[in-house]
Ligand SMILES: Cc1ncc(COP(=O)(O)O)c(C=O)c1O
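Just one chain follows, in the form predicted alone, and it is written as structure tokens.
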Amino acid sequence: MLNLPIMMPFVNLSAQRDAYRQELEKAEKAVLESGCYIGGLEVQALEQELSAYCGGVQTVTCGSGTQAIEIALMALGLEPGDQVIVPDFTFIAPAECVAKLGGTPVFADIDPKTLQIDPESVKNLVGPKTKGIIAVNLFGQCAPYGPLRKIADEHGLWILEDSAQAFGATYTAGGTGCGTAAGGNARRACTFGDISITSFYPSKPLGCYGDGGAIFTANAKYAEKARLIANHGSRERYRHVEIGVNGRLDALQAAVLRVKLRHLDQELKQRAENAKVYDEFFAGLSGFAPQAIVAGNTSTYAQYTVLAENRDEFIAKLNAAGIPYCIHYPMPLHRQACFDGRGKANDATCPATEKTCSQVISLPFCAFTDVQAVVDRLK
């Protein structure tokens, strides 16, 4: 009989629940006994707390991070035939939502060290049909909003900030490679786009017990339209002024998120400490390069991701040690079959993305991961 090592969790959500069990059970019981399961005071309170955490922007909660992108694009007025520049290296949701609404995703390459969308690539892709840029805060670090905002302002484009992986991260104007961001100081994610979104998928740094998402904006017009769209285009029951969606967040999910939000900053500190353990380990090895965090930025480390020159060999070692892994992401978006025949979607030339997809690998990580145990198994 094979004596294989016990596989540890990739994200230790059970340990997180154990840590906050009393608070969570009290909050969950209150919702269940209230009889108010959709919307209501719990969701309103969460929106207020999220707004305060992000410095006062308006918040509209919804059913998922992907739905948040769709609602945001609708609020921005995306129309069929419009082109939107998106990173070629990320989860499919940004490009998928553009295409679903009749737009054309135009794929930009990434910086090979930070793995964030490359402003120079973006600049070269702007054309007469370009309406906006979707910047993804990949793996928990903010995209380079200084240079991106300069491009957007020069060409009259909007920016949609996809912070599905980075709620709680910060970006500092003037940091290495950052350029200049409005305000001149460190600001939290979800404040850099004309409209921004996040996801509350369970494994995110701030996650609920199902799907959930939110839209953030300082623009009152966008906030009003997003809230309208999220409620079937209705301000009052059975009166519909827009084509909308069913974009509601459950009260139970809101209650869970309110508990976890109180602990988020401490968890982010622990995530940073855990990342240091990995950083020190990989610094002593050749053939590995962790995602670079730009000076002046903080990351939520939604994933701890490295580039491995010989990924197959590393995977064999991980399997032998009982260490789970994920490959975020194995294929450039422009090569996905669903974008065949969509004009510019398949015309991308993104060499940094191509190389990254062949090397990238993510390791077990959260505030409750015993990273030292992972490292010890690998030694």
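Please read these numbers as outputs of a predicted model, since none were measured by experiment. So that there is no doubt, residue numbering starts at 1 and follows the sequence shown.
One more form of this protein exists, namely the form predicted in complex with the ligand; it is left out here, but the text below deals with it.
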4.5 Å heavy atom contact, L333 and the ligand in the predicted complex:
no
Taking heavy atoms only, is S64 within 4.5 angstroms of the ligand in the predicted complex?
yes
How about G140: is it within 4.5 Å of the ligand in the predicted complex, going by heavy atoms?
no
Using a 4.5 Å heavy atom cut-off, state whether L73 contacts the ligand in the predicted complex.
no
Name the single residue among Y329, F339, Y53, F314 that comes within 4.5 Å of the ligand in the predicted complex, judging by heavy atoms.
Y329
Single option in Y201, W158, F281, F288 placed near the ligand in the predicted complex, where near means a heavy atom within 4.5 Å:
Y201
Where does the ligand sit in the predicted complex: which of 74-82, 164-172, 242-250, 119-127, heavy atoms within 4.5 Å?
164-172
What residues in 115-138 sit within 4.5 Å of the ligand in the predicted complex, counting heavy atoms only?
V136
